[in-house]
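To begin, one chain is listed below as structure tokens, in the form predicted alone.
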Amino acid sequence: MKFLSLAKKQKVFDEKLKTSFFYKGKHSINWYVLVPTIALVVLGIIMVYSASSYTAEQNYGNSMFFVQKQIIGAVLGLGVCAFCYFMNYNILIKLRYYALAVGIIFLCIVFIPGIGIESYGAKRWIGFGFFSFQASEIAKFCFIIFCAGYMAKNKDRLGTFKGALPVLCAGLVMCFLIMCEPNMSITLCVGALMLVMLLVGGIKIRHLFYLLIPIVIAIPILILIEPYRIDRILAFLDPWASPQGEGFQLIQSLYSLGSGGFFGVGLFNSRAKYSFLPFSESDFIFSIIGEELGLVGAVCVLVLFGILIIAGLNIAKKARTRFGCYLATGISAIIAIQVILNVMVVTGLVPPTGLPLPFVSAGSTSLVVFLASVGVLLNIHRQNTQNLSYMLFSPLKAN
């Protein structure tokens, strides 16, 4: 029996990866990704219950209303995470244009009467009977798949402005549709993600500079055309000028964080959750964490995110394929961007805007999609660790 050389086996092995839907290599778990993720999900369930029990009882007659949804999202998300771990992520490169189309279609569907759901003046959800989901949460990751796939297939063209144009156009279309919902926070996330992906893909600095000029010009225009955004900017500059108006939420967030001190007032003992801090279970859940667990607890949460993000970037660095590198980078980047923006909002470093804290804030769509992305990260790591040592025990025959 004639056996292939080690290099030849590697080539055959890599070719099989491109066609098999499920990857059958050895199991390898990156605990620096999995442990922080599980810890954040469990913490999220606990904190969602703590932050929402009072308002859920008042508004829905069920103190478990939000936490039940969070648990369902966690269970479903972990199932999707497991599927993405066993799936061969290389298949996604073939679906890059379909992913982009799905993301854009979802963002358009929210404007269809009867399907798009409006809440607090924004159309961000798609509903089918008892089932609903937030389109922009899915669109973000569709954009990552498209960018990673396109850049992997066109690595030599990204140094030119023309080569980077498809990523730029896709990002701007998504930003425009999300802005029309309106959803300024997710728009900023997608815009920042687009810049990160272009930079990682190899866009020249001067092209990036040309791109930033219209973005810098557009931001104040977008603020001026919507009066409520101007009010938020003024409230950010001086929240105590309108303590019962636009500045109310930021003031209550700062009170909540400040009252926690170093070690917090104790789990489930928050005072801000008693209708003082709006959206305490979602966009401002970090304020409740700071109040109940104190500075020590808040820093521990940020450390968990830091470990997860650094591990994701390390996976990207060691990826077997260029597509895997870009995919892991995009996933790590969107987690980092959302964490940074969310913390900056609740601490008053940027104007208030609604943005969930990944894995922690109430919201099943966000939780499921982020857990799915963690499954992809673990998948990339699993293939990164597969060398040909195990194949020596089951050698491939030469054709």
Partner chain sequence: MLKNKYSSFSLQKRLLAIMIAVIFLFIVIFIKLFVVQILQGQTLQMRAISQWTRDLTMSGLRGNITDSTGEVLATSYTSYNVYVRASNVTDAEDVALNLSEILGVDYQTVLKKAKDRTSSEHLIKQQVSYDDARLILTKNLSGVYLTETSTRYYPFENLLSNVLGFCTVDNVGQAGLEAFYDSYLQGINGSTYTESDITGLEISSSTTSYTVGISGCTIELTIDVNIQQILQTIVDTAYLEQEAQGVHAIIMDATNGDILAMASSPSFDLNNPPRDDVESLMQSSKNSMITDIYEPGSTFKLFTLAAALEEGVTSLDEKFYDQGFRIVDGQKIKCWKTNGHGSQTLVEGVCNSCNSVFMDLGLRLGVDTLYSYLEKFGIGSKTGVDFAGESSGIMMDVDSVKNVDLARISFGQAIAVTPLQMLASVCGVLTGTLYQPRFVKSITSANGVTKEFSSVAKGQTVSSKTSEQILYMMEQVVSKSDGLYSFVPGYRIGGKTGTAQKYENGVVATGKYVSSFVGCYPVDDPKYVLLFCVDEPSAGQYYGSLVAAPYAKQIFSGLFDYLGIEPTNLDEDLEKLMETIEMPNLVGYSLTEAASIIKSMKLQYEIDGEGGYVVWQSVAPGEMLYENEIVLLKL
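Numbering follows the first chain given and starts at 1. A quick note: this is a predicted structure, and the numbers were derived from the prediction, not measured.
Another form, the form predicted together with the partner chain, is not on view; read the next lines as being about it.
Contact here is defined as any heavy atom lying within 4.5 Å of the partner chain in the model of the complex, and by that definition not a single one of V35, A101 and M194 is a contact residue. You can rule out all but one of 344-352, 358-366, 63-71, 40-48: in the model of the complex, only 344-352 has residues with a heavy atom within 4.5 Å of the partner chain. Contact annotation: L212 falls outside 4.5 Å of the partner chain in the model of the complex, judged by heavy atom distances. Within 4.5 Å of some heavy atom of the partner chain in the model of the complex lies at least one heavy atom of F305. Among heavy atoms of A56, none comes within 4.5 Å of the partner chain in the model of the complex.
Contact between T329 and the partner chain in the model of the complex is found at the 4.5 Å heavy atom cutoff.
Though the partner chain is absent from this view, in the model of the complex it lies within 4.5 Å of a heavy atom of just one residue from F161, Y97, F86, F276, which is F276.
A heavy atom within 4.5 Å of the partner chain in the model of the complex is found for exactly one of L198, M179, I93, I138: L198.
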